[in-house]
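To begin, one chain is listed below as C-alpha cells, in the form predicted on its own.
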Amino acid sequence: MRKPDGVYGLMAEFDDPTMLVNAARAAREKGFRRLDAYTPFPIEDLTDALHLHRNKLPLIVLIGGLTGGFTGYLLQYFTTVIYYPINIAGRPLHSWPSYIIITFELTILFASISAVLGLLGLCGLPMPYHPVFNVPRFSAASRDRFFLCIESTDPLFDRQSTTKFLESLDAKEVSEVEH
C-alpha cells in the first residue's frame, strides 16, 4: 500500500480509557483495520476492540519444540543405528528409552529459543525509532493519556475524512504523525 507523502498516520488523544475503547470500536466498525492504541497501562477491553486475538507465538513455540524433539531423536537414531552401530551384549541398536532425555532437552531448548526469537520478531524488536515519537504530546502516553493511531496504509485512510472522523469521537486533539 502506498503511504501519503511523509505521513505515517493520524493520532487522536483521549482523556480516559473508556473513550479510547469506544473510539477503537467505532474505528473498527467504520472499517479501519490498520490502527493501534497506546496507553500507560493494559486495558483488557482494548484488545477486543482492536481485534488483537491472533497470536502466532504459541504456534512458533510448538513448531520450535517439535523441531527440537525430532532433531534430538533423529540425531541419536542416526548416530547409534546407522553411522556408528555397536552391538553391546546383544542389546538392540534402536533402544528408544535411552533417547528420551536428550529428546526432551532439545525440545525444551528449541522451544525456548523459538519463543524468544519469535517474540522479538513479532514485536518488531529491536525498534529504536517509531514515527509516533514525532508527536509532541505522545510523551504523555506513558503517564496519563490514551492515544489511537490510524495508519496511512489503511485502505480507508484519507487525511480530511479520517481527521473529521477522529474529531467526531470527542478526541482532545488530533495530530498528524510524520515519518
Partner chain sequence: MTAAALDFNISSDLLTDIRRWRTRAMVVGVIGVILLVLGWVTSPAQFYRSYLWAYIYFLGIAAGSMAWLMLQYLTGGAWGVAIRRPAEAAARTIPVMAVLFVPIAIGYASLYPWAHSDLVAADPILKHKAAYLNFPFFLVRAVAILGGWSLLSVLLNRWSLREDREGPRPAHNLMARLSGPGLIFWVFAVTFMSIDWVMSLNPDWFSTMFGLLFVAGQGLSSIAFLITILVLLSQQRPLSEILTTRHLHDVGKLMFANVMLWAYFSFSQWLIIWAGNLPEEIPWYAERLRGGWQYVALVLVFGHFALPFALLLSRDLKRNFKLLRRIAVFVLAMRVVDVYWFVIPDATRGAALSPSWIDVGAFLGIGGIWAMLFLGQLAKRPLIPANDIHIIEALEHGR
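Here the structure is a predicted model, which means the values were calculated and not measured. Just so we're on the same page, rigid core means the largest C-alpha set that superposes within 1.5 Å between forms. Residue numbers count along the first chain shown, from 1.
As for the form predicted together with the partner chain, it is not shown, yet the points below apply to it.
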| property | result |
| --- | --- |
| Heavy atom contact within 4.5 Å of the partner chain in the predicted complex, the stretch among 51-59, 128-136, 142-150, 113-121 | 51-59 |
| Residue among 74, 109, 82, 101 with a heavy atom within 4.5 Å of the partner chain in the predicted complex | 101 |
| 4.5 Å heavy atom contact, residue 44 to the partner chain in the predicted complex | yes |
| Cα displacement of residue 61 between this form and the one not shown reaching 2 Å, rigid core superposed | yes |
| Cα displacement of residue 111 between this form and the one not shown reaching 2 Å, rigid core superposed | yes |
